[in-house]
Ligand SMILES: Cc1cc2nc3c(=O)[nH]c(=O)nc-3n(C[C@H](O)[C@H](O)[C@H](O)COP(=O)(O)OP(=O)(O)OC[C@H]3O[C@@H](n4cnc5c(N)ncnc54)[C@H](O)[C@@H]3O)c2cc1C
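Only one chain is shown below, in structure tokens, and it's the form predicted on its own.
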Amino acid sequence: MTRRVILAGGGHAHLAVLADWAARPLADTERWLVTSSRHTAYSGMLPGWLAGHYQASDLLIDLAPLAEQAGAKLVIADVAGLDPARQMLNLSSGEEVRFDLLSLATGGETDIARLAALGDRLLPVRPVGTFMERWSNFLGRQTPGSTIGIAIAGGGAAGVELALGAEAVVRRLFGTASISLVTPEAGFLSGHARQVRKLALAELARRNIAVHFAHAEGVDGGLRLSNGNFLPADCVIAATGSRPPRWLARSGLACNAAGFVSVGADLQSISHGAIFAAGDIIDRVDRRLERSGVHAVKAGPVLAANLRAALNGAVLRQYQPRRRTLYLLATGERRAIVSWGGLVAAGHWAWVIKDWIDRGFVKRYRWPQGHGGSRPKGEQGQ
């Protein structure tokens, strides 16, 4: 009997699943990839693109040839709902699709609840493709010699990298800019080594990027800070963390209080065995795990193995992160901060390593191997 396996979302973890299917076809299955866009952007290279080091084509992966090699039907649609009891997936096209096995890696949404009043001045980082297009349009509207006010809301790794990347490109193109990073102090590079935070603060200061340790609320013309100050901004980049899609909480799938899918170390739903999930929409019930692209990438091969095992009635593997994780924080001038546990350093050599790793990741998932596939329409290079 042919069973239908659906990958919902073109996230980093699902790239590994598609590559696994391309290498070893799944017998007696009908495979689908449901994704909102034909191209997925590798988020690790976004700050480098923002700084002008990459073209859009360097970080965009064309899912069509990869899906074809995997024998998967490519469906361009958003997930609109899920009925796990009936094993039905609802799509934005209005179609209701039955599945025998489902994997969710749709990615989260940027949490912009406190910033929505900014209107067109607000640029959420997700979805990445939309952010890239809107940022390119924003730069295109600026005139040489003008002073541009840019604020980045969010002090995680993404926020810091984007602030440094924005400063690098604006300084090169326009000569002057007012760049600010707004974050609660406890949220500044939370989870990173103290020396990483120290080096990042020193780099932000060297580049004249003002750091405001405060909560921010979007108002007409800029940000109102929790310390009472007003920060004018022509553009606010929202890197404020991820929230799960709203349809998850309504689905009946086991989720935590915030609406993230509850899974075990095997990435299987704790309530519905026919559903797996990975990436930043999950909550591990066995341990706290940072919502990081690093874990989505590393969990991909485990997810691929477990989908295959679930079909065959085999034992599932567990994704257990290493005690130490290699982090590479781009600083916008072809330099980076590297950390591995308590070992921290910085320099151009760290950027070279990051660039090599990132380009290698994208190349791995381009089919035919080593080729970029079709160029996305409307690509905005810098």
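Given the structure is predicted, the values throughout are model-derived calculations rather than measurements. In case it trips you up, residue 1 is the first one in the sequence shown, and so on.
There is also a form predicted in complex with this ligand; it is not shown, and the following applies to it.
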Self-check item: Heavy atom contact within 4.5 Å of this ligand in the model of the complex, the stretch among 222 to 230, 76 to 84, 134 to 142, 209 to 217
Solution: 76 to 84
Quiz prompt | Contact check for Thr29, Ala304 and Phe361 against this ligand in the model of the complex, heavy atom at 4.5 Å | solution = no
Quiz item: Among Gly300, Gly155, Gly165, Gly107, which has any heavy atom within 4.5 Å of this ligand in the model of the complex?
Solution: Gly107
Quiz item: this ligand isn't shown here, but in the model of the complex which of Val263, Leu115, Val125, Ala200 has a heavy atom within 4.5 Å of it?
Solution: Val125
Quiz item: Hey, in the model of the complex, is Phe188 touching this ligand, heavy atoms inside 4.5 Å?
Solution: no
Quiz prompt | Ser339 within 4.5 Å of this ligand in the model of the complex, heavy atoms | solution = no
Quiz prompt | Contact label in the model of the complex: Val182 to this ligand, heavy atom within 4.5 Å | solution = no
Quiz item: According to a 4.5 angstroms non-hydrogen atom cut-off, is Pro321 in contact with this ligand in the model of the complex?
Solution: no
Quiz item: Hey, which residues along 27 to 41 are within 4.5 angstroms of this ligand in the model of the complex, non-hydrogen atoms only?
Solution: Val34, Thr35, Ser36, Ser37, Thr40
